[in-house]
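Below sits a lone chain in structure tokens, taken as the form predicted alone.
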Amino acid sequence: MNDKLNLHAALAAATCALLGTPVAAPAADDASQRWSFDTSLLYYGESDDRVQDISAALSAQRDFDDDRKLSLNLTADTLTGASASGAISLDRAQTFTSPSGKATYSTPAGKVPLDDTFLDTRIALSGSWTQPLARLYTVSGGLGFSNEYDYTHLGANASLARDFNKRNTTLSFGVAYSQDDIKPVGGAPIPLSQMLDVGDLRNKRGDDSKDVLDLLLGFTQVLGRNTIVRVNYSYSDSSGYLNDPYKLLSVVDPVTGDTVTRVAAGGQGPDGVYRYENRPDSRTKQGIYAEMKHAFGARVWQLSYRFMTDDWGIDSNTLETRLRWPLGAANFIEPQLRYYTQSAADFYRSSLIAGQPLPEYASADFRLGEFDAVTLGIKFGHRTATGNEWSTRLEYYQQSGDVPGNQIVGRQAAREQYPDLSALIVQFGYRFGL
């Protein structure tokens, strides 16, 4: 299962940031204190024993003379649990061939099929260098690497910023490029090929890869002593293997809407007809992000909005607000509310109808469907007498979606085909300097 806490998505989406806030050096009287560290331990758990993630992260920043900075990041996380395969639920149990092609797994009657063979460990490393370039310019560059048992990422990035208007205005440009190697368990399925019996790998091929180019244009403006705004435009172009090799579509009877049955050879294989998904081999995304921060004395309010659109037909909107509220000199709380909504991809469909020609592209991945999500959270932080800081963050994520009515066939209307999803996120962080 290739859910990225993007999981490459989300998680979920929810995915959630492994580091809740950027590194910032704690206050210190000793000018020689130039290393700052931000550590975090995060738990992400979905309802119904679905995806569980435990992540540990360490970010270090070294300040040098002349505003030069070195940033280093290390993240390790382990994901377990079960992930929706894309097959529809039925009034009977269902059996599938595992991604490795060496065994089978089953889903009880009335349940949305989940692949419980999901297990992944990821290690990610990144580093960047930032320094002034002439009087009003700042340049930075970095490298990133991550590895998991079926996925390897290697990327590079660079950015240039220019200050204007007595440093009250900043324009910036950034570029990032990455190459990802995908090595699915059992091999990458041939697009829209049928799931076969245990040991039959005729529908699988070797490894694959994809390339991603990201561009960012940014504008930051100080509006007064207490207010700052930031607006970014982003462009992303992905090409190569963009399928999720572990996602399926059920092939259903055009009248009943139930999955067409089949008999496995020797009883070792799927008891229904299922086909692997196929997505376009390119994707272009564009986005606008706007953020405002305003200080009401010691209280700081943050409001942000993001709009994203792509050539797959997905439009999304994200609205988020936070309020950092001091509690005395050493403590603070920060409530948070986020709302997210997206439309479905043009090729999203809950199932394929037997007897009809296969479409060019099709996916039943819930992440490509139409859904809304709300996140409620609160963070508590404490600054120690030595200037260090620890914090605890708690978030609750709730997602609900729908399958388009014109895709519901026969008895599918009486069963849940797009189940709601909830998740709990708990993070502990500690920030200190040396």
Partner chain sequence: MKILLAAAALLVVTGCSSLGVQPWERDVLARPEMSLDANALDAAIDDHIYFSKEASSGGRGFGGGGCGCN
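Note that this is a predicted model, so its numbers are computed, not measured. Positions refer to the first chain, counted from 1.
Just so it is clear, the following notes concern the form predicted in complex with the partner chain, a form of the same protein that is not shown.
Student: Can you pick the one in K102, K183, R262, K293 that has a heavy atom within 4.5 Å of the partner chain in the predicted bound form?
Tutor: When the partner chain is considered in the predicted bound form, the option within 4.5 Å is K293.
Student: Consider the chain as shown here, without its partner, and state which of F347, W129, Y137, Y151 has a heavy atom within 4.5 Å of the partner chain in the predicted bound form.
Tutor: In short, Y151.
Student: Since the partner isn't included here, can you check whether the partner chain sits close to all of S316, R322 and L368 in the predicted bound form (heavy atom within 4.5 Å for each)?
Tutor: Yes: S316, R322 and L368 each sit within 4.5 Å of the partner chain in the predicted bound form.
Student: Can you pick the stretch from 219-227, 254-262, 267-275, 356-364 whose heavy atoms fall within 4.5 Å of the partner chain in the predicted bound form?
Tutor: Single hit among the candidates: 219-227.
Student: Look up in the predicted bound form whether D211 has a non-hydrogen atom within 4.5 angstroms of the partner chain, and give yes or no.
Tutor: Looking in the predicted bound form, residue contacts with the partner chain do not include D211, since no heavy atom lies within 4.5 Å.
Student: Wondering, does L171 line up within 4.5 Å of the partner chain in the predicted bound form on heavy atoms?
Tutor: L171 belongs to the contact set for the partner chain.
Student: Answer yes if any heavy atom of D77 is within 4.5 Å of a heavy atom of the partner chain in the predicted bound form; otherwise answer no.
Tutor: Answer yes; at least one heavy atom of D77 falls within 4.5 Å of the partner chain in the predicted bound form.
Student: Tell me, yes or no, whether A298 is in contact with the partner chain in the predicted bound form, where a contact means a heavy atom of each within 4.5 Å.
Tutor: Answer yes; at least one heavy atom of A298 falls within 4.5 Å of the partner chain in the predicted bound form.
Student: Even though the chain is shown alone, can you say which residues of 258-274 have a heavy atom within 4.5 Å of the partner chain in the predicted bound form?
Tutor: Residues within 4.5 Å: none.
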